[in-house]
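In the form predicted alone, a lone chain appears below as structure tokens.
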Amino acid sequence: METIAKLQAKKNKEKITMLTAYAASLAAVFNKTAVDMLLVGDSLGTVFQGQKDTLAVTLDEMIYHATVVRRGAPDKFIVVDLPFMSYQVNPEKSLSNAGKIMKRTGANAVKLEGASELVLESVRRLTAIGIPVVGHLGFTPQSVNGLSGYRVQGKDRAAARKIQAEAKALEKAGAFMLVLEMLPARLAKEITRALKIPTIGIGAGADCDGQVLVCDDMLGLYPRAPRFVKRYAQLDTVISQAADTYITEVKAQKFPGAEHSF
């Protein structure tokens, strides 16, 4: 299993890979691969639950999915998202909720979005008691309404400077890694060079220290995906064809055969 020290040592030497996972079955498949990290993201709200955004995902749901992913992937470094309103109230609530995730799931770290003073104080206090934290800047899905939808962030100079300052603040507060989502590639490159901690990009260009993709997007389980996604398989077609073949064989009385019967 990777450790924080091993992951941080990859900066400027080896690209870090991360994929999301929400179920034990797929986590078990990923456990056999060389992927460095798994993220149990609150993206499960859109991917697994079919919701329009991540805002309705609860802490208990995150704990449930993280627990089953850990069962499927006992050998992987697992990061778990703190969901909307589980850490934005006060640092005490952040500590309590992050502690529940770590104690109940066997996760290795938690992830928070943004860099408000409340978030920075939560990062400081979490890391002070030994809970590793991954930051998340750029497009932050839990702020989708305030950001007026799914938009690239940091496109003008003022916005870019703000994100750069937030990245430095998160590093100083104790975050050991930073996810950069939907940023201009040049800005992500500048942030990556300015930080001592690794950056993980998603729609942020090739110069981040690593990359993360939502597993369902990467596997081609949806007919449409964001521009920054590359489909490495087209499993929606494979699955539908398998289901159609099953249906045909059952109706034609070809399945089950003698070899499938007791």
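Keep in mind it's a predicted model, so treat the numbers as computed, not measured. The first residue of the sequence shown is number 1, and the count goes up from there.
Unshown form predicted together with a small molecule; subsequent notes refer to it.
S.K.: Okay, which stretch from 102-110, 145-153, 116-124, 179-187 lines the small molecule in the predicted complex, with non-hydrogen atoms inside 4.5 Å?
M.R.: Single hit among the candidates: 179-187.
S.K.: Is residue 136 close enough to the small molecule in the predicted complex to count, meaning some heavy atom within 4.5 Å?
M.R.: Contact check for residue 136: yes, within 4.5 Å of the small molecule in the predicted complex.
S.K.: Is there any non-hydrogen atom of residue 69 lying within 4.5 Å of the small molecule in the predicted complex?
M.R.: No, residue 69 stays farther than 4.5 Å from the small molecule in the predicted complex.
S.K.: Quick one: does residue 212 come within 4.5 Å of the small molecule in the predicted complex, counting heavy atoms only?
M.R.: Result yes; residue 212 sits at the interface with the small molecule in the predicted complex.
S.K.: Does residue 38 reach the small molecule in the predicted complex, with heavy atoms at most 4.5 Å apart?
M.R.: No, no contact at 4.5 Å.
S.K.: Counting any non-hydrogen atom inside 4.5 Å, which residue from 202, 27, 57, 208 sits next to the small molecule in the predicted complex?
M.R.: For this set of options, the contacting one is 202.
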